[in-house]
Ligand code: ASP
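Next up: a single chain in structure tokens, the form predicted alone.
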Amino acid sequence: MKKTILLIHTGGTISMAMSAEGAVMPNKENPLMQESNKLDSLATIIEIEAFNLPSPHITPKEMLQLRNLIVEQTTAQQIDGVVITHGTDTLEETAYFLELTTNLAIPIVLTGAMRSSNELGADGIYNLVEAVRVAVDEEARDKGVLVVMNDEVHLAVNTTKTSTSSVNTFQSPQYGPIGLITKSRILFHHAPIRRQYVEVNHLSKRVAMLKVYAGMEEDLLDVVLACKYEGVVLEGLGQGNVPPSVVKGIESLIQRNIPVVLVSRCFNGIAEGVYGYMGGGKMLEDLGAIFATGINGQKARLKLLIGLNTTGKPLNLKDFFL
């Protein structure tokens, strides 16, 4: 008996076409909506177009809409897996948002394309078929939200876009893919140890993110305060260090109960409080800064946003990030 897959379209390059002038633009009608016949042999497809947006237009508001749509559809009917087509620029952020805000055993798989629908070597339909193949695979259950691109399966928590244009742009630094896709089967070789889930119904509080650089000055943190952000993520140097010039600004935010989360701007490794000098991670930790382990800046921002907007009892943010 074929499984039932909920296929949700959101737009992105996978649904776009290149014009005669060479500009990749959204189509008035998503061409993927005409391709469901290619998937009929794999599953019974329930197809919905949630929106048709370039991925830089996606905000946490749309991410929450997607989460609510998945919950509504899986509550109303028997769904064995979810596949979402999405633009690649913010795909990892939507995937991570859904990872933290859904607690379903069924697979939720995001996919996209690096080449538009009418370009030579277009990869959209191929990635979509592979994503459905993963979503119907029994071993894909209980592994959290997945990203499928270029014959690889990645965990949403680990994967990031690493190239502006290459078809193998999605990689999981340090960890690698959790599965490989061949012509005949899906080969999973490891799985997540644990998952986190947070109940979120609205996103009223705001979180900023700043990349730390040599000679950074305090006034940027003054702007965070002046604009009334409720939290800030800093992509720190090395293991989570900052220039001494911004320490006072960090301390001022923490004293006003505005959480400051540190990640590393490095491609690999884990941020943690090690150095005790002025601006060192250990000093910042002693001031009350929170270290996010194993995630990049954009994911840490979403995690803090979700943590601050949780429904019900407030979270202990330090425990949440650990």
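Numbers follow the displayed sequence, beginning with 1. Every value quoted in this text rests on a predicted model; they were computed, and no experiment measured them.
Missing here is the form predicted in complex with this ligand; even so, the following discussion is about that form.
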Contact assignment for this ligand in the predicted bound form, among 151, 230, 89, 218, heavy atom within 4.5 Å: 89
Residue contact check: residue 143 to this ligand in the predicted bound form, 4.5 Å heavy atom: no
is_contact(residue 133, this ligand) in the predicted bound form, heavy atom dist at most 4.5 Å: no
Partner contact for residue 294 in the predicted bound form: this ligand, 4.5 angstroms, heavy atom: no
Residue contact check: residue 234 to this ligand in the predicted bound form, 4.5 Å heavy atom: no
Partner-facing stretch of 48 to 56, 256 to 264, 61 to 69, 271 to 279, counted where any non-hydrogen atom is within 4.5 angstroms of this ligand in the predicted bound form: 48 to 56
Every residue of 3, 39 and 81 near this ligand in the predicted bound form, heavy atom within 4.5 Å: no
Sequence-ordered list of residues in 138 to 164 near this ligand in the predicted bound form, where near means a heavy atom within 4.5 Å: 161
